[in-house]
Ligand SMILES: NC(=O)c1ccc[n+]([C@@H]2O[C@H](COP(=O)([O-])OP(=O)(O)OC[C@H]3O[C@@H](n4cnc5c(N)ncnc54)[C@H](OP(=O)(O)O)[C@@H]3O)[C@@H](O)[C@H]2O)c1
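Given as structure tokens, the chain that follows is alone and in the form predicted on its own.
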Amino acid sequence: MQNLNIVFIGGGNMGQALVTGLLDSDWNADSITIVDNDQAILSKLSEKFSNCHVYSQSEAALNLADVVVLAVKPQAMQTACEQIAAQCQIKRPLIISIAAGVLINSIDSWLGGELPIIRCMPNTPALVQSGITGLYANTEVSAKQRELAFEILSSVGTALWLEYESLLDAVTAVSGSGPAYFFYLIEAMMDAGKSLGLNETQARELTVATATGAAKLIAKSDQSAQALRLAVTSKGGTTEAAINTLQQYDMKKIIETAIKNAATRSQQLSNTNE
């Protein structure tokens, strides 16, 4: 599959992350094309991906495309699709959208209809090849194209298939927005450490290492998060004092409500974009 021609419409951070992941996975650089109409971004792309093709216009690139990755902002999606619709109807490539909140039916309509489309929700750790992506395919997508899309998105982390497009709202709320929740917790822990006398460097190093270690521990363990938490929480100890405070403020309920609100907002944005 590494020789199939992939065209990225949009060369922003996530598009660049995917190109980097593909190149690190030994994808043929000559088979990758990036299209962007921002001259500043084009200059950066040409320097960063010197062995790939970088264009300001999509016409020539789309003539050979086996896969088109729509990596533009949601508000620019309709215009981007309408500009390439005629060529997509002729070539009929696999379309992969990484734009949040833009439904497959809308994309299909803007592209002229009846195209194989996969909508996905990656997250920002993809920038360091540690992301996770939820994917949903319409009925036009073949088994081989599903395999291809999975390989592309797995180049920046891991990926999983969803049974219903509506579940992408849950993916958005849990993993799409999720890194911000952990950054918020890390920020709070660092501030607490500094209030106890640690300097900025010490507080950051201790907090980030703890977050990274906890994530690795649960990833490699067959125990539940609750079991791992209880194993650290000795009766009458320091951890119990902290956990009791979190439970006093019903932090689980707060987090659950926050994630549900994120999912509701994702659904609202999808309706707006549609």
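Just count from 1 along the sequence shown to find any residue number. Keep in mind the model is a prediction, meaning the values are calculated, not measured.
Absent from the display: the form predicted in complex with the named molecule. The rest refers to it.
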Next item on the list: Check each of A149, L111, V72, I95 and return the one that places a heavy atom within 4.5 angstroms of the named molecule in the predicted bound form.
Entry: V72
Next item on the list: Counting non-hydrogen atoms within 4.5 angstroms of the named molecule in the predicted bound form, say which of V54, L62, I41, V67 makes the cut.
Entry: I41
Checklist line | Candidate stretches 159 to 167, 196 to 204, 139 to 147, 118 to 126 - the one whose heavy atoms come within 4.5 Å of the named molecule in the predicted bound form | finding: 118 to 126
Checklist line | 4.5 Å heavy atom contact, N13 to the named molecule in the predicted bound form | finding: yes
Notebook entry, point to check: Within a 4.5 Å heavy atom cut-off, is I9 in contact with the named molecule in the predicted bound form?
Noted result: yes
Next item on the list: May I ask you to check whether N37 falls inside a 4.5 Å heavy atom distance of the named molecule in the predicted bound form?
Entry: yes
Notebook entry, point to check: Is there any non-hydrogen atom of A86 lying within 4.5 Å of the named molecule in the predicted bound form?
Noted result: no
Next item on the list: Kindly indicate whether A76, A80 and A99 are, all three, within 4.5 angstroms of the named molecule in the predicted bound form, using heavy atoms.
Entry: yes
